[in-house]
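Single chain ahead, by itself, as structure tokens, in the form predicted alone.
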């Protein structure tokens, strides 16, 4: 086990600043997910930890040692890539054993490690096959097994599930979570998929344009986003954002007006954005101090376990998550309501979250 620490990492490609100044720590045996849109710098961070990129300035520490100038092969780090990167002419067994043979391990030790990893990833019956004889999910398990046999202090995953279909992604997510529980090793996982981030990470690092927007547990990132970007990126369907204007102690939007919370009043400027997650909008007339409005339904999407309703309140487009048994039809006008103490408020200028208590 080894902690990972990035200290003021800056990375510049030509005139482009990819990472302006990144600092964070991954604790021993912690699973941390780097999440953000394409081009936000998450893979560059991972490659910097692995030694495949050299930072323009700053330091990388693993296990209490400065390894910024250490060659990748000497960092005791195993990396799993988006592409499986298997040797097509070698069997599954030889692909998994290759790295150990390069490090001059005894064949008895190699055999022991390969067969243990094969048993864990259910590859026992496939050890003599070539990669072309495997499915995509099987190839990814071989890539995971090849990393595991090294028994490194740190695992790095660079979008390893992107090439798999939805069912295989869900299955492999579970396998990686089981792997972390078994090995209790520091893991850093890169993805643009917020569902992977929410379900796998003990902590999430949300990135935008090379800068950290928020570091916290998945539930805190979801429930207490630091700004509008985080609120909109984490959650599916995405949060509804409604522009509003402060009028004294009240907030006026295109379709409703209500009294602002005291904490929000003291911090808010004239422009405020109201953030409503689809499940925070409730079907039915307003009650118990809730704010009511009418929604003209445009689209209804039955999802089996839920009903997604798309519509308009005034000129504002909204998506609402409803009970799957709700009787809602297209072009119908239905009453909706929300609790002003349970939703999110963002400064209309700097987009930072405003306090609600």
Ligand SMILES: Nc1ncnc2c1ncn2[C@@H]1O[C@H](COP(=O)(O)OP(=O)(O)OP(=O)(O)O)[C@@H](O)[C@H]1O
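Numbering follows the first chain given and starts at 1. Because the structure is a prediction, the values reported are computed rather than measured.
Keep in mind that the form predicted in complex with the named molecule is missing from the display, and what follows is about it.
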Q) Heavy atoms within 4.5 Å of the named molecule in the model of the complex: which of the stretches 310-318, 54-62, 297-305, 34-42 has them? A) 34-42
Q. Non-hydrogen atoms within 4.5 angstroms of the named molecule in the model of the complex: do 28, 81 and 184 all have one?
A. no
Q. Which of 150, 208, 192, 224 has a heavy atom within 4.5 Å of the named molecule in the model of the complex?
A. 192
Q | Contact residue in the model of the complex, from 76, 159, 175, 216 (heavy atom within 4.5 Å of the named molecule) | A | 159
(Q) Taking the named molecule as it sits in the model of the complex, is residue 18 near enough to touch it, meaning that at least one heavy atom pair lies within 4.5 angstroms? (A) yes
